[in-house]
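This document opens with one chain alone, in structure tokens, the form predicted alone.
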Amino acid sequence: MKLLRYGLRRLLQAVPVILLITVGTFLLLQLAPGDTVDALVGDMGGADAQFIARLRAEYGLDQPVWVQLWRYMLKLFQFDFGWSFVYEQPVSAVLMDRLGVTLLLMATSLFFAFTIGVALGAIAARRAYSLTDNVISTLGLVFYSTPSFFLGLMMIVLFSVKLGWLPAGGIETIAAFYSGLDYVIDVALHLVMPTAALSLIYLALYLRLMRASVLETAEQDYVRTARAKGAGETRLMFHHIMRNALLPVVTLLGLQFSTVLGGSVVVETIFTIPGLGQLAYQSVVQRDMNTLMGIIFLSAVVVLVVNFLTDLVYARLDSRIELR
């Protein structure tokens, strides 16, 4: 019951947040020059003023901004994201086709960044100021300083063009018609470079934070007491230090989910991955406002859900925290 009350309270808090994000984004997009009709006319090579006016009236773009906003919000309350004039199908269908790919890329990137970053940070802390610590910290600094787009392009040149080990882009080999285990292996090979390009920056952050957190936790009184009672270093690390040292890292993991979602725009564009990131870029270029608004709304919901799950994990790691 306590968890249910907490979930309902967080749901009520999320509603005004999503409304503010939706309304603010809609108004900001209205301030940008051009609209969907301008993009369509540009693709057609031009049109007369009468035809442009008729298109704007058909799409409802001739109405005042507050009328357009009101109509959009009424549809949104009915879970109707509108019609994509570029893809000629409902926005919800376009989003569902791309959502799974982006979530797969984000999940794999965060998983490897978190697990490897935590492990390297713990190793560096246990061997603080040694050669191992210096090497790991230097690698973390290099990863953090390298932009994801540059890293992605260099990996394409090396592993795809020069060595031919990995596919240069996409999410699957379309003409191969793989199924079963072969399909899983094919998708995994396509995700190797995008996952590395997206995760290495965050891996460096988790590494540095985990190292600092382990060093700080190791100096706490309860750790000294356990060591004085004869607890071994392995038991100290896994039963006394790691659980508490993970708290700030888990917090950062939840906060950075939205950052990873933003970073996927660059990575998906470079590797031509058909996900929400690439769709957002194309929607901005083609002025497909309904699709772009749907992406932002869906992204906000996903981020809020992840933050809620992060709070649950945080409370599980630290028994002193109560869900209220």
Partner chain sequence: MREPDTILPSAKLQARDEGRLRVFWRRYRRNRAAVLGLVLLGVIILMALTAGLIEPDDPLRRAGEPLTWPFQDWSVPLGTDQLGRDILAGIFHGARISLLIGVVATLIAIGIGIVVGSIAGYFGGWVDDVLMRVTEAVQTVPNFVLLLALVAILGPSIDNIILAVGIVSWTAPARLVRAEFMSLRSREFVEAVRNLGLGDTAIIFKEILPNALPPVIVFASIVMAVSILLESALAFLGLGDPNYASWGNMIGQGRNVLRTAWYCAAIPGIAILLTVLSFSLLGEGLNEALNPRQKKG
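Positions refer to the first chain, counted from 1. Keep in mind it's a predicted model, so treat the numbers as computed, not measured.
Note that the form predicted together with the partner chain isn't included here; everything after this is about it.
Novice: Tell me, yes or no, whether Tyr281 is in contact with the partner chain in the predicted bound form, where a contact means a heavy atom of each within 4.5 Å.
Specialist: Judged by the heavy-atom cut-off of 4.5 Å, Tyr281 is in contact with the partner chain in the predicted bound form.
Novice: Closest heavy atom of Ser299 to the partner chain in the predicted bound form, within 4.5 Å or not?
Specialist: So Ser299 counts as contacting the partner chain.
Novice: Would Ile201 count as touching the partner chain in the predicted bound form under a 4.5 Å heavy atom rule?
Specialist: Yes.
Novice: Does Ser145 reach the partner chain in the predicted bound form, with heavy atoms at most 4.5 Å apart?
Specialist: Yes - in the predicted bound form, heavy atoms of Ser145 and the partner chain come within 4.5 Å of each other.
Novice: Which pick from His190, Lys75, Arg208, Arg126 sits with a heavy atom within 4.5 Å of the partner chain in the predicted bound form?
Specialist: Of His190, Lys75, Arg208, Arg126, the residue with a heavy atom within 4.5 Å of the partner chain in the predicted bound form is Arg208.
Novice: Between Ala93, Ala176, Val161, Ile185, only one gets a heavy atom within 4.5 angstroms of the partner chain in the predicted bound form; which residue is that?
Specialist: In short, Val161.
Novice: So if I measure heavy atom distances to the partner chain in the predicted bound form, which of the stretches 162-170, 114-122, 94-102, 190-198 falls within 4.5 Å?
Specialist: Stretch 162-170 is the one.
Novice: Quick one: name the residues from 253-268 with any non-hydrogen atom within 4.5 angstroms of the partner chain in the predicted bound form.
Specialist: Heavy-atom contacts to the partner chain in the predicted bound form: Leu255, Ser258, Thr259, Leu261, Gly262, Val265, Val266.
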